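Presented below, as structure tokens, is a lone chain in the form predicted alone.
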């Protein structure tokens, strides 16, 4: 009986430790700021030095719920662990909603729909995903692109940063980079001699969502209400245009 009480107390303590800390008046997000235009580091971001579509959305969600917002930078593969450990309240990192991830965490309603594409040299003979079979492929570790290439059964090299993978392509050390469409557009605009190849049959559309630790339906409901508002009034769509145009203007200077 005493042992049962000790176990129960330990379990309760663990649950308390893992609970989000919204009660402190700050909504704590985690991200991996290596995924422009959704999240990246800049001198003056919307949340400290963090900028991008996701960062703007995170700030608006906090403000919509009369809270402060904070952002923590982590490796992409560490995000779900930090969430489950109660280190942060939510993850916003261009994270695709998948059945596998939903087993570990809950997701708010999707706020963005994207697809995977291939970045190649302009003179590349890659015209579809099947053409990657005998090519050297680069992906970003933990991203959906890695999952897709792995499921295709092709060998690949994974990098922690998108910039590292793209520089492999620029320097002729690989033939193709598989990555999210919006991010691909940014890298192609930043590097001459590259182009995007799409294959709708090989890469299905994916939805981005904010991840929340299981058991916190109240937080999911609050964030869902904010996202629904921002989708309906066009705020999120406007953010996508704003950041895309800002990048285009910067490239033209």
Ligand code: GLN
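Residue numbers count along the first chain shown, from 1. Treat the numbers as computed from the prediction; the structure is a model and nothing was measured.
Although not depicted, the form predicted in complex with ligand GLN is the subject of the following passage.
The three marked residues, 51, 112 and 242, fail to reach ligand GLN in the predicted bound form, with no heavy atom of any inside 4.5 Å.
Residues within 4.5 angstroms of ligand GLN in the predicted bound form, judged by any non-hydrogen atom, belong to 135-143 and to none of the other stretches in 165-173, 121-129, 82-90, 135-143. Using a 4.5 angstroms threshold between heavy atoms, residue 208 counts as touching ligand GLN in the predicted bound form. Ligand GLN in the predicted bound form comes within 4.5 Å of no heavy atom belonging to residue 29.
Ligand GLN in the predicted bound form comes within 4.5 Å of a heavy atom belonging to residue 95.
Put simply, residue 102 is far from ligand GLN in the predicted bound form: not one heavy atom of it is within 4.5 Å. Scanning 35-49 for heavy atoms within 4.5 Å of ligand GLN in the predicted bound form gives 35, 39 in sequence order.
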